[in-house]
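Here's a solo chain for you in structure tokens, the form predicted alone.
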Amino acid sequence: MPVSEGMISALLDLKRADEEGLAAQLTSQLRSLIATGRLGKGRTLPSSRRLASDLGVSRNTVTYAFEQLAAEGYLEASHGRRPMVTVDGERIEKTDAVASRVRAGKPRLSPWASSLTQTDWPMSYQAQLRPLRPGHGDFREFPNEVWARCLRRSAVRAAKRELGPVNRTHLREALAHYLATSRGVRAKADQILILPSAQAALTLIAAAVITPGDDVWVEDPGYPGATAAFRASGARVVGMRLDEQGMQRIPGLAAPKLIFMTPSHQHPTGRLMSLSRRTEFLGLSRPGKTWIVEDDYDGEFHYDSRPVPALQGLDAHGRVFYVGTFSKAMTSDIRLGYLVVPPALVNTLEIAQRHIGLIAASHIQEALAEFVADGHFLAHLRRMRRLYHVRRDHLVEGLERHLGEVLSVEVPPGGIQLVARLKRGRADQAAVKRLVAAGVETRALSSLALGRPCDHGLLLGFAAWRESEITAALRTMVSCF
């Protein structure tokens, strides 16, 4: 209800001990009286002298409040005249009420965002890493002191360094040499983009290559992050089933705009794509028409034989994007990935990288360049290969001994995780819930399928866990089956 002039000061409650200050309190309370219609449009307020006297504050405090509200459009104030309210508070209140109801309704989202559900990612995953969560290496074994020295030196040099390129030359050169010698990748340093993650690389490729409605082939079951990136760009994602040689092509299906695969260690099964299958997909691709994205997410870890060279190394016509990450080999906190770009697209992808803002911190890039060039990265990899090999065998032996009647283990030749298929029933998601409740984190194989799942089992990580931790997790698993 509107209030009389004599009541205005009675409705104002200024607290001298309040951190907000008297002038700010007075401004806020007067604004509220106007906005709620208590001080209606056309109403004049007491003079600054009188209101200051009624409230027991300085005249400057009242003058500040009047001037601020005049600047916001609530009052009209001129020299020699008392301030007058210039807005209809009741209308403001009704508008705010309508806006509140609109905000309370379901927000309008893009088709891609509307399709998102929590089931796209493991709902069971906790902030704290617990056995046997897949997809992680053991950060406890990382040479943090060596890495800290590289970071310190990079930080000191940064103070003297002028602004440089988004993709640091030293790291690109170190990576080009490493990838050529260890993975058979054929690329010049300027073809390598440094990004915040492998997922960022997929987002960049999708933004630059895919037109809404384009077909994209992915492995089924496969890596959900790739599906998310391509769908966000409006692609029609088509799942390709697997056999023992890896991803299969559907006979008669026209070539898509893009093919995503993990040929060196299929995610999640760990299968190695045969040479004949690699050659088949390379023959299907055409620069500018059909591109291949090769995600070599844990290609550094092979245990039973020499690593198979990357698919990109077989490509003589610039048809393959090669994606890698340091988060598996080093620690997830590094947050660096990289992308080897076909020569014809380097300039376009560099421009797109800057426009989208997928830029990695320069001092981290410089520190990593030193870490790789000085041999620390390779030394760490050699040590972790030996360690992870033992852990893989320990998990496999334990699963076969204690859970052989329930699970059939597929022993991967490399990587940091493995698949154990359920022999009876098709309730892998129910099994995951039981295991998570008991303290063992895993992932249901069926949750990685695009359509109706054909495979049911558990995806189990072994790299991040010491043998004693794996043994304890196995005891928990036995109690859950």
Ligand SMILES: Cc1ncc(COP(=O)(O)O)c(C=O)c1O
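Bear in mind that the values here come from a model prediction, so they are computed numbers and not experimental data. For every residue, the number given is its place in the sequence shown, counted from 1.
What follows is about the form predicted in complex with the named molecule, which we do not show.
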Which residue, Q245, S182, S362, S197, is the contact with the named molecule in the predicted bound form, using a 4.5 Å heavy atom cutoff? S197
Exactly one of H394, K328, H302, R186 has a non-hydrogen atom within 4.5 Å of the named molecule in the predicted bound form; which residue is it? K328
Quick one: which of 382-390, 292-300, 138-146, 402-410 gets within 4.5 Å of the named molecule in the predicted bound form, going by heavy atoms? 292-300
Is R278 a contact residue for the named molecule in the predicted bound form, using a 4.5 Å heavy atom cut-off? no
Does the named molecule get within 4.5 angstroms of any non-hydrogen atom of Y223 in the predicted bound form? yes
Looking at the partner-bound form in the predicted bound form, is R335 within 4.5 Å of the named molecule by any heavy atom? yes
Is it the case that H267, even though its partner is missing from this view, gets within 4.5 Å of the named molecule in the predicted bound form, heavy atoms only? yes
